[in-house]
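What follows is one chain in structure tokens, specifically the form predicted on its own.
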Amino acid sequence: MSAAIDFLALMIPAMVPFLLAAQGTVISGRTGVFNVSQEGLMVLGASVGFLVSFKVESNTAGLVAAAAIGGVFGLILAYMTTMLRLDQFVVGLALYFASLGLGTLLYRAVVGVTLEPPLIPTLGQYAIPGLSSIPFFGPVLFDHDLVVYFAFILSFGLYWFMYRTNAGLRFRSVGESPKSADSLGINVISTRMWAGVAGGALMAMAGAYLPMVYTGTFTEGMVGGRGWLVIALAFLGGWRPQYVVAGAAFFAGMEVLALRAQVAGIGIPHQFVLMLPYVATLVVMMFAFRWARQPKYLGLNYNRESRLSG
């Protein structure tokens, strides 16, 4: 029982980077803005979050700074695709490389090359009074840092907003039929712009969480392909916040399993276990592609004057 509790207790914080970045992908994708720069934005967020936390001595300030720089990149993507109507995939790839390089550059400019990298305190755990003492569920669900609770509350809030409110219905309509939404008085441009900003902010925040919860320092390869998995996670979850949570649990479980295999020395190369989420993604996509419906105008720009748009 204790082994299961330990495994699940490790899996919950491992879900957070997937949850934040994937929900950011869902937010922007639901309005038709397809962001493919997650991997780069997470590296940039990890770098900025770490540097600000190190200089200001506040992890909260680091998370806010990472969200701010991610929001700026999300705004650039939204502006170039909604106002200038540039190809979303090409702009997203350009922002991926730009954010990836900027993240590394900022760290080297501020810290330089050192034998002993600087460290920041990792996030402290906050046990919810009353709930954390519940057998089994207490240590698994209610004894984590505050970002964990934020990620799950955010996921529930997004589900409630998108599927239980009229505002959420109007929000989703922008990605399904922008011309119809426009005819109903919904401002398609501003909705896509704000969704792009929110999506970018969450992706960078997901990266900032990594040094704050695992190592206490920044390394260039610490994102480790999570950003690419997030794109697959959004498709597997059908661009629905509630199913994204289940997908994040799967990827986080594979990640913890790989770490356990490496520590236990059971003879299975941890690289093989790390490969499993990608293989599983391909297998699941083969069977679930019919069910995993994406927003109809995902990745397509909107032109009010065009008869073919929307």
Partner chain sequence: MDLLVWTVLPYVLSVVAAFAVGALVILALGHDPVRALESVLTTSFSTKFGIVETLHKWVPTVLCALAFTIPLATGKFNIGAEGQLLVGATAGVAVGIVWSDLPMVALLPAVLVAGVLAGVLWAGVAAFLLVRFGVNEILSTVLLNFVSFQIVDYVASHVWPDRGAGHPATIRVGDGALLPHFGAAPSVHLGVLITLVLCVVVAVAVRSTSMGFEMRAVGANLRASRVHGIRTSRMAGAGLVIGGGIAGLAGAIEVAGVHGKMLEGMSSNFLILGIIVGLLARGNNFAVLFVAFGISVLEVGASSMQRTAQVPAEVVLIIEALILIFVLLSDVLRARLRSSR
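Just so we're clear, the structure is a prediction, and the values are computed from it rather than from any experiment. Positions refer to the first chain, counted from 1.
Just so it is clear, the following notes concern the form predicted in complex with its partner chain, a form of the same protein that is not shown.
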Query raised in the report: Among Ile186, Leu105, Val72, Ala127, which has at least one heavy atom within 4.5 Å of its partner chain in the predicted bound form?
Result: Leu105
Report task. Find the only residue in Tyr149, Tyr214, Trp228, Trp160 having a heavy atom within 4.5 Å of its partner chain in the predicted bound form. Result -> Trp228
Query raised in the report: Hey, in the predicted bound form, does Leu282 get a heavy atom within 4.5 angstroms of its partner chain?
Result: yes
Query raised in the report: Quick one: does Met83 come within 4.5 Å of its partner chain in the predicted bound form, counting heavy atoms only?
Result: yes
Query raised in the report: At the 4.5 Å heavy atom threshold, is Val56 in contact with its partner chain in the predicted bound form?
Result: no
Query - 4.5 Å heavy atom contact, Trp194 and its partner chain in the predicted bound form - result: no
Report summary line: Answer among 164-172, 149-157, 186-194, 90-98 for heavy atoms within 4.5 Å of its partner chain in the predicted bound form: the stretch 90-98
Query raised in the report: Counting only heavy atoms and a 4.5 Å cut-off, does its partner chain in the predicted bound form sit next to every one of Ala109, Ala232 and Phe272?
Result: yes
